[in-house]
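As structure tokens, one chain now follows by itself in the form predicted on its own.
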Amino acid sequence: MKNIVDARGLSCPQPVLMVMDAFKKIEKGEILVMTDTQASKENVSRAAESKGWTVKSVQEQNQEFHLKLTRS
């Protein structure tokens, strides 16, 4: 997967802003977003859904969240 947003170590709204920038560059496809807080995971998910993206999966490992966002 080449579309990756690494927002680990950042507080909101920075992860959401990074994802919104990615949406401007990628109209459809798949984006992997990496965060490390519950608030960032929830805010990124809401922002993605509000822009027509789907949260395909969320994986939690080692206190990190990996969100796979898709849009076709």
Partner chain sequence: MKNFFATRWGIIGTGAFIGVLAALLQKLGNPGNMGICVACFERDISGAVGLHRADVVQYMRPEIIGFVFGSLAAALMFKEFRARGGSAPIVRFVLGVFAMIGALVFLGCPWRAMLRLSGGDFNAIGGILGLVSGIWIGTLFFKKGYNLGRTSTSHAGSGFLLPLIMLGFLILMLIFPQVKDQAKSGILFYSVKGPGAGHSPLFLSLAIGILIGFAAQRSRFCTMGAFRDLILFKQTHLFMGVLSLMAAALAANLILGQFKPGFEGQPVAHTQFIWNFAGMAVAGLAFALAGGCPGRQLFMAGEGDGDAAIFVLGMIVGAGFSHNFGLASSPKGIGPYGMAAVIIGLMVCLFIGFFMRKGETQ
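Since we're looking at a predicted model, the values are computed, not measured. Numbering follows the first chain given and starts at 1.
The same protein has a further form, the form predicted in complex with its partner chain, not shown here; the description that follows concerns it.
**Q** Under a 4.5 Å heavy atom criterion, is residue 54 part of the interface with its partner chain in the predicted bound form?
**A** No.
**Q** Consider residue 26 of the chain shown here, and say whether it contacts its partner chain in the predicted bound form, taking contact as heavy atoms within 4.5 Å.
**A** Residue 26: no contact with its partner chain in the predicted bound form.
**Q** Looking in the predicted bound form, any heavy atom of residue 22 within 4.5 Å of its partner chain?
**A** Flag for residue 22 set to no.
**Q** Using 4.5 Å between non-hydrogen atoms, is residue 8 touching its partner chain in the predicted bound form?
**A** Residue-level check for residue 8: yes, a contact with its partner chain.
**Q** Residue by residue through 25-41, tell me which have a non-hydrogen atom within 4.5 angstroms of its partner chain in the predicted bound form.
**A** Heavy-atom contacts within 4.5 Å come from 36, 37, 38, 39.
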